[in-house]
Every structure is written in structure tokens, then in C-alpha cells.
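Shown next as C-alpha cells: one chain only, the form predicted on its own.
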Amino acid sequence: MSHEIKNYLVTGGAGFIGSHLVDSLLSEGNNVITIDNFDEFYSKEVKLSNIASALTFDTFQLIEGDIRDKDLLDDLFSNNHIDVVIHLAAKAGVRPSIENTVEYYDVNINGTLNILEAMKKFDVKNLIFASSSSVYGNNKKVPFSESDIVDYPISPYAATKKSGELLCHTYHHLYDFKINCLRFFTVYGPRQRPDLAIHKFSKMILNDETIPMFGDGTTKRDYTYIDDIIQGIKLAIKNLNGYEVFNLGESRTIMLKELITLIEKEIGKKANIEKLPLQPGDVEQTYADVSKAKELLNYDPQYEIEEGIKNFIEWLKKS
């Protein structure tokens, strides 16, 4: 089957999910531009190593800059033909959003608005927006479905992601944008952000450091392996019509204490655990109903947590 070469703009393309997506799009012969401001949330070196392979492609262009910079976006859109925007750039993390709410709103909401405005101005109509399972808050009904009401976020981060979805719907309605909003459920795998539990715990166990466990270890997460997320994003790009919201998860939950046991088993070392109180903003559980993505996108997650953890630990030991 011949593949039509497309021109993609990936915002936040040097991050964990972004860099995997960039690699995948480039491997299919597409042209990819990424804009990334190398936010200091974690080191620039890590992000540069994420895109080391992408930088060897002449079909890849890296623009170091901020989505809050309207002039930069104007230049980018006026000098490049763009077919699809995949908007992943955001201030990430639930807990830090409580400390630093103003900046989270500025980047995640105003930045998203700037992207939408630039698209409108330069007549680019196709968008994938990275949302988050955090929009569900402490939803009592499980698994979480896209038709559930998400009006009760419990962190500023979650509120910015819900706001982004609403902005996307507005631009779809007014300007006929085709937009898929993807609610990611706890993504992990090689290149995972260093602040996230699987990466942090694995590293600390390898280094004989004490790991912090917030709560009694019974909080549950639906962990989604990076390859499954990339599969979901690419299917969402292929199926852009109208405005839709999709959950992308594995549709299986695992308790925090079970996760720690899995990591211990894979590393072959016991963890020293310090029990700490639950953190404000943290939800009790996430659990994705992915039937809509399966039906409309043919999304088919492949990775069980055991296999995913094994792959991650192998990568971590090498990196």
C-alpha cells in the first residue's frame, strides 16, 4: 500500500511521548517539524537524547521555542506547509500544577489557544490534542468512559486539560476543524519522564535508595505502554472526522503496591519503602473503557504491564 507523505507539526516533540511519535512518523517517510521549549521540569540532555535519532533525518526540523510565542508560531506556520498538528506540548504533572498553577494555565490553556489561532490563520484544519485521564477526577463509575461527566477535576493540571478539550470543541464548531482529543492513561516505557513512578522507583531500587509510597499502596492506575499509545495516536490521525474524545489505555488496573512488587521482581532486588500520606490532587484510581477507541479507531493495545515493565527496566539499565 503506497503511503502518502504528510507534513506533521508535533508540539513537545522532544518529550517522552512526542519523541516516540516523531520517530514513528519519520520512519514512514513523513516530514516532521517539532517545537519544544525544553522546559526545565527535567534536563535538556534527556530530551536531546530522546530525539537523537530524529536529528539524523533531513525530513526532521527542530524549532526550539515556546507555544506561548505567537510570532514564532506565525513564522512556523507561514514558512511550512502543515497537514496535521499533534499538540502534545504542556506543563506536565498533577502535583507540580498545585505549586505552580499560574504557569500551568498559561502554557496549557493560552499555549493551546495560540496553536488553534495559528491553525485558523493559516487554514490548517486537522488536530490531535493530548488530553489526560486526570480529567475524570475521582470518578466513582469504573471503567471511565468518554460519555462520563468530567466537570469535577481535582488538580489544576486536570482543569487545564479539560479546558483544552473545550477550546478544541469550540474551534471544531466555529471553523470546522477536525479534532481528536486523546485522554492518555498513565503512559510508561523507554524514555518515560524521570519524575513518574515507574522510572523513579526503578532507579531508586537500582541505587538502593528508599522509595516514597504515597498512601497505603492501594491506589490503582491503568498503565499504558508507549507503543500502544503511539498506535492510538496514529490511528487517531488516520480517523480525523468531526470532533471526538477517545480514551487510550490498556483497560487493566494495577495497585501501587503490586507495581512495586513487579519492579522488584524484574530488577531482582527488594525496595526500601517509606510510607507517606496521599498527595493532594492524586486520584484514587484510573481505569479506561477503551471500547470507543476499539470500535472507531481499531485501537488494539498489546502490552501487558509485566512485559512493559521488563522492556522498561532493560532500557533503563542500558541508558
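This one's a predicted model, so the numbers in the text were calculated from it and none came from an experiment. One-based numbering along the sequence shown.
Another form, the form predicted in complex with a small molecule, is not on view; read the next lines as being about it.
With respect to the small molecule in the model of the complex, the three residues Y42, G65 and F184 uniformly fall within 4.5 angstroms at the level of their nearest heavy atom. The small molecule in the model of the complex comes within 4.5 Å of no heavy atom belonging to K234. Contact annotation: S155 falls outside 4.5 Å of the small molecule in the model of the complex, judged by heavy atom distances. Within 4.5 Å of any heavy atom of the small molecule in the model of the complex lies no heavy atom of H199.
Contact annotation for S131: at least one heavy atom lies within 4.5 Å of the small molecule in the model of the complex. A heavy atom within 4.5 Å of the small molecule in the model of the complex is found for one listed residue only; from V290, I35, A54, V32, this is I35.
This chain lacks the partner; the member of A89, I205, C168, M119 within 4.5 angstroms of the small molecule in the model of the complex by a non-hydrogen atom is A89.
Of the stretches 185-193, 213-221, 169-177, 236-244, only 185-193 has residues with a heavy atom within 4.5 Å of the small molecule in the model of the complex.
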